[in-house]
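First, one chain by itself in structure tokens, the form predicted on its own.
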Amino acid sequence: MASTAQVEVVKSSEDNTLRNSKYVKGVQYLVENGVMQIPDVYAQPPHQRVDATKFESSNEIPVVDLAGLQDDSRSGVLAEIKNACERWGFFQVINHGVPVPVIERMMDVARRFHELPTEEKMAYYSAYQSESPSRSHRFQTIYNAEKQTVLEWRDSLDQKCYPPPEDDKWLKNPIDYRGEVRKLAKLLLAVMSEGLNLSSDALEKALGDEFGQNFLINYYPPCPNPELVLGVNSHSDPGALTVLLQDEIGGLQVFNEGNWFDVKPLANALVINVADELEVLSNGIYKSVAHRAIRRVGDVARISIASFCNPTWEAKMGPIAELTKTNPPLYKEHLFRDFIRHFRSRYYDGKGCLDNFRLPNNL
């Protein structure tokens, strides 16, 4: 086991070397080599640090039972989802139809990848997405090597799901999870369309011909100084809708009305969040929300699997026309490819990317 002194420390003056540093091997590599204190490059500035032992009240974050969509409770469920999209941009769903064995297999595949030997994982490595846009799966340890000065305490596998990639190695086992989540996303988009008094297919159609889908399989190993790090910095998702599977460890937080709230894990529930382009399409009725992940105190790695449902690359985005008849449009029309390129050119900064697409009179 390596001693603390053997762990290389990258100082702030050396940030431009991050893409060539040993930190590309990820935080699991550090843990496996016996790191006893985090390297400086993972330490957040004091104003970003979080009490890793404290849970904030999250009783108001909605939990929606989708079983009610099949009976006389349907109108109530529609109202719950609409309210959650308007007020929180986040909610959890139970009785969502994704079988428990399918969820368990997906979590098992996620764990098996991240616990591979480092050399095997590095075969899939790229510093950030623009370096390998055609890869079906990419191992990420640094989100943006050109922009970051502080690294996050997580490793990720970015896996394309739809359109189905030719090289599908890491989805051969959980391919059924991909399909089940896609089916759930279609259902939720239909319900959210109805909540806007639109036809049930309005939002899905607005995303283009067969919306894109990819997984981001995150692994947050135990940290010797969890009070100094963030697993993921504050950001809103750039796509349309995110379906998140998280384990029982906890660490996901959402920002609402000036406070951070924990999204406490519920067994076999899925977390749903409104992403930026859904806020655009709804003309601001539905809200994307800043969220982050912290690393809790504990000896067990946390796993989360985000399924991003995105507009097609060439989809033209903007407020849906029916929603601007009585309220002026809040956002510029744009191609999704331009939005996502702008998002990838930045480092996480809350909702800063979306703010750049607001019309000037609505800033």
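Bear in mind the structure is a predicted one, so any value in this text is a computation, not a measurement. Counting begins at 1, following the sequence as shown.
One more form of this protein, predicted in complex with N-oxalylglycine (OGA), exists but is not displayed; see below.
The partner is absent here, but in the model of the complex a heavy atom of Leu244, alone among Leu207, Cys161, Leu228, Leu244, sits within 4.5 Å of N-oxalylglycine (OGA). A heavy atom within 4.5 Å of N-oxalylglycine (OGA) in the model of the complex is found for one listed residue only; from Val232, Ile142, Val98, Cys223, this is Val232.
Proximity to N-oxalylglycine (OGA) in the model of the complex holds for all of Leu216, Asp237 and Ala306, with the criterion being a heavy atom within 4.5 Å. Among residues of the shown chain, Arg302 is one whose heavy atoms approach N-oxalylglycine (OGA) to within 4.5 Å in the model of the complex.
N-oxalylglycine (OGA) is not shown here, but in the model of the complex it comes within 4.5 Å of a heavy atom of Leu252.
The closest non-hydrogen atom of Ile103 lies beyond 4.5 Å of N-oxalylglycine (OGA) in the model of the complex. Residue contact check for Leu188: none of its heavy atoms lie within 4.5 Å of N-oxalylglycine (OGA) in the model of the complex. With the partner left out here, N-oxalylglycine (OGA) still marks one of 329-337, 312-320, 290-298, 23-31 in the model of the complex; by a 4.5 Å heavy atom cut-off that stretch is 290-298.
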